[in-house]
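Heads up, the chain below is alone and in the form predicted alone; it's given as structure tokens.
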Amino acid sequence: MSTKAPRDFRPALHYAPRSGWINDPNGLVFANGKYHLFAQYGPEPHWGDIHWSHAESSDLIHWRDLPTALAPDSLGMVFSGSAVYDSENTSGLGTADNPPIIAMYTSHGEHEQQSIAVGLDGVNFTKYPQNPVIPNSEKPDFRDPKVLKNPKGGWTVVLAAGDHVEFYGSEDLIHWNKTGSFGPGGNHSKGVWECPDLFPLTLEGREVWVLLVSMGACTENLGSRTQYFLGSFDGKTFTPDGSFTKPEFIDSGFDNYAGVTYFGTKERILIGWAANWVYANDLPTGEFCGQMTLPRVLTLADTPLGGPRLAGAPVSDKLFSEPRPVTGKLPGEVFKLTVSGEGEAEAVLSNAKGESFMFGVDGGNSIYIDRSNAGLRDFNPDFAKPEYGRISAPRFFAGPWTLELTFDCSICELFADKGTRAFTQLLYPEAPFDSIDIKGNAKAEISLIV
């Protein structure tokens, strides 16, 4: 379980529970002017007795905690899922004047089955009395439903089923029929398939569908990672376009898993769980364990060295002041660093304890990030391994570069090359980083919370 915290590692910008455990974000839905964030939640700072927690926000940064939304019942614990605003009351579970939010989740008991719950006031949820709406008695892994509007009409849900995903269609969010599947053949990472998402984006005027699949912890991936595919969706099943020659992850760091996107927003906004199953239960954060990534807006970019790629940009940028040159000193523990340069260069953050955190671009035109000497490491034997300390990934662009790092107490998110490379990493410095040194042909600017 979460170990005793030597100091306060609670982030300021990233959502974390007041106490207890959270993992996968669930039920991301925008309705009646509010962003809702549900999550896998346990009352103790370790995994277990899983409920759905609930928080709401008007800006995706400042959150108000609401009562626990869903609790275990005779069908089992409440595992991951999604939510939609049924604005036309197709389910018949609300009214024309008061449409419902329909949450669909996995009942995890003797079998994994899909159930729904109804919210009419945005706070209180009532489970559908005829649950499960998608029964299962055969598949050991059958979970994490993501509901979306079908482009041909009605609703679609995509489900993870062990080594593939399955698609189901419905007119009323209650009665479902299987329409297709994707996997296990084709180009994909190892690991049990989890937490899928499916949505369209635009690339140079044409529609491209994105399928996210979180791949459970395995040695090849150094833990749990989230892969994406690009292709088409005909209303029944997903077909990849085959543009990738190897698995591609949405994040090159180790601490962005189970990410899904919001229903009901104009932009495609993703939130992930900022941890890795390899060491998540041992984080040195005391009364709470687990937090979310910054919400990030997803787009597609056609890169010169990698072709079409998924890109992300954090919504927190609007909270920061105009950048100013770095003088060598770092104020506080929440800031955004923008480092621009050409060729090889490195930024080194350090503190009074002799700890340091580094990121930059190497001579081989790869972006890297290094937390191997950035603070506490011995709380988990895997977290302390070199392979979890320094990581790198090749650029999709050539020439001048810009790295944007959001640093928030115990987590950082680095974005590069128009957001086509992202690195999300946890780190636990024993004292705040208070100085910065730029090495190589680069300059740095800093922005603070306004």
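Heads up: residue numbers just count along the shown sequence, starting at 1. Not measured: the values here are computed from a predicted model.
Note that the form predicted together with a small molecule isn't included here; everything after this is about it.
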If we take heavy atoms and a 4.5 Å cut-off, which stretch out of 383-391, 417-425, 404-412, 22-30 is in contact with the small molecule in the model of the complex?
22-30
Is it the case that Phe79, Asp144 and Cys195 all touch the small molecule in the model of the complex, with a non-hydrogen atom of each within 4.5 angstroms?
yes
Do Trp277 and the small molecule come within 4.5 Å of each other in the model of the complex, heavy atoms counted?
yes
Mark Ser53 yes when one of its heavy atoms lies within 4.5 Å of a heavy atom of the small molecule in the model of the complex, and no otherwise.
no
According to a 4.5 angstroms non-hydrogen atom cut-off, is Phe396 in contact with the small molecule in the model of the complex?
no
Answer for Trp47 alone: is it within 4.5 Å of the small molecule in the model of the complex, judged on heavy atom distances?
yes
